[in-house]
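Just the one chain here, laid out as structure tokens, in the form predicted on its own.
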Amino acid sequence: MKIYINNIEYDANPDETIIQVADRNNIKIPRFCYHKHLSVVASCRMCLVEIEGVKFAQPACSTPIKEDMRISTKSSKTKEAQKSTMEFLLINHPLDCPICDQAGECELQDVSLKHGDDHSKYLEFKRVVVDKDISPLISTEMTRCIHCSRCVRFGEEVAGNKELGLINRGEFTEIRAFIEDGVSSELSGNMIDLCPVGALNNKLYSYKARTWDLKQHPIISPHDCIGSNIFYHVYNNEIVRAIPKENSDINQTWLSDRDRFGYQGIYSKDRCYVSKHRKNKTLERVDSQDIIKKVNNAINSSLDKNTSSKIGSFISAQSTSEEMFLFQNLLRKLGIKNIDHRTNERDFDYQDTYPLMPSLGCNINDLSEYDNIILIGVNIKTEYPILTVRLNESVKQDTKIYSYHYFNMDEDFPVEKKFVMNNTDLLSLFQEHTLESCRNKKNLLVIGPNITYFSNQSVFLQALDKFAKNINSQIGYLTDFCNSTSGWILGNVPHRTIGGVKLDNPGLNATEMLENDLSTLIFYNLDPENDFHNSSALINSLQKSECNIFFTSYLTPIIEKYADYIVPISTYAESDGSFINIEGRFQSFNKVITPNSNVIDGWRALNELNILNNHQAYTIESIRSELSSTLSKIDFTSKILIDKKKYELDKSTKVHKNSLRHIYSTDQIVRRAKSLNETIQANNKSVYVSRDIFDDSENKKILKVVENNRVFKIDNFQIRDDLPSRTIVYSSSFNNKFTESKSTFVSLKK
């Protein structure tokens, strides 16, 4: 179909509106309420344009195109309509641009300059709206609000959680939070981006800098395996805010609050800025130029005194692909096979027949093509909030979503049916279960990271494989850390090298390394307090080893107590790096800020160790070239089935203890983000107990839980009637003391 804009012919689709055709052809039409990902309300009237044959100017956002329609965006009628609209919008808007954080990037400023008048006919006092504190992340100046309703529509249509709404009418109209708790959505920060004026602002950014003083740097999210694209804005070598970088294949134009505000953890008070070496039982400062040599001497000394099998090495799956490549490359050349990134896991029987890497099983863009999506042991709302947007879109296109979990949690999208059972009942269900409503349809079964915490993970994976076959479903995974995919592909496991090549003589897995009294332990980019399945086993291993080497960005109590060598390394934003997301998409980024002069780029520290051992020296470009070459040779379509070995079922009648992945404790950076730890979600640190456990307990105020022969006294528990029988669930938050094992069987002491 043909239409004419400003007397120039353009092609258009029958279902398009004027503004869509104009945007596609870079024709500027001013607007406030319109946004391409939100419904059309045509409330601001700023996009009025003249249409030939129509008496009055019409809103371009809501007017569908017709064959041979002639539109003018520059005529006197259009200009007069837009000028009048602008005058009405400014009647009550305060003239406080000099102190407004939106100044310099304000849509109202830009449109007013181009389409407004230099004076107003209105002399009445402007109205004032009293603000309320709606969030620790968002500040409000509602006197500036022009009632475009973008924030309201975002909550209802995109985030699936309508927390703001319009109240009153006429000049008394206000946008307010529905509930006293204000705004608590895990996607709430997107309302800051959507606001065309300075009504909703970023609290962390308030009065930090002017827009024109900022430098913009692209980066990839390090907080989950989705790989959202971000722009960091830097002022005086400090990240002062984050905004989404549009990527239609991944995060579209949105960011989760975790990705938006998580960078704050980089500036935590416990950042490690000093290289240290323990001498005479005391940690002493070492020059950053000498620490790598000392670490190298310690590793080689251990190799001289013992065999390579006596050295254990752990790396965080939050590390970059370059760091993971160099880590395993260095250690394998030294003959060390005990390498693992799966520090949160307990059971590794499944590993020989595990796929090349954990994958979602499809592209994020294709989720809406499935008839049914079945979530196993995962809560999208709190663990992968950016996927809430995609699943909301999928549900609108008739995808049905089912959830299986040991804890009843709400989602911000409709769920067809929930199954809430304890671990044993879930396992029995999957071994025989057939979801009849999913038969002969296109299904995707998504296994969440909570399943990896189970002490019988292998049995679950086998049962889920059988369940998937029963309903003819694809299997996908969502991983614990942002770069677990690289951990598998790049050989940071004891039984495979790069590309999934199996080793005839594999090394020890993460649990075996902690149980085998090794002489030297190497930790890379890990929080020992939070990133291991069993904290007691870790501490016991650290006490027995002769040498503990930590490459770390933070100085934690365990590191301070047990480390023999501490190498301060950069965070993701302070070094070049890459991540491979859950689709298998390789995304690189460059350094955003320069770290403290005593901090060493992680990949450079590993590269220096390579050089000291007369191995190949790398640059960031040569590493990426080798990674690209390696990835290009891998057949990602090959499927490795869960093995057919029959595992014994645990018929234990003990109590199930499970942990929940706390949304703001998923990695060491976000744990330290102060603003996120002030949110409602972060303050939830209770231990949840099923009703039957409470009823059987003699002491109704204190529960005594026995785990690994240790007795934990719990007094901050809550009784949940919807919790499965014989179940205790706790949040794996940064400050929770009940963290012996992430998932296990426990008993109760009378």
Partner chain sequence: MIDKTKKMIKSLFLVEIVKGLSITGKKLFKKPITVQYPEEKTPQSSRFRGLHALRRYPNGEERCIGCKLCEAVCPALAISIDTEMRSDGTRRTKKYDIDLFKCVYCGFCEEACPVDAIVETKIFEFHFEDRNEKVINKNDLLKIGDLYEREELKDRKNLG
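These figures come from a predicted structure and were not determined experimentally. Positions refer to the first chain, counted from 1.
The same protein also exists as the form predicted in complex with the partner chain; that form is not shown, yet it is the one meant from here on.
This chain is displayed without the partner chain, yet in the predicted complex the stretch 230 to 238 from 474 to 482, 230 to 238, 514 to 522, 86 to 94 comes within 4.5 Å of it by heavy atoms. Here is the short version: of 128, 99, 611, 167, the single residue with a heavy atom within 4.5 Å of the partner chain in the predicted complex is 99. The contact with the partner chain in the predicted complex, taken as any heavy atom within 4.5 Å, belongs to 208 out of 208, 337, 405, 176. The shortest heavy atom separation between residue 213 and the partner chain in the predicted complex is within 4.5 Å.
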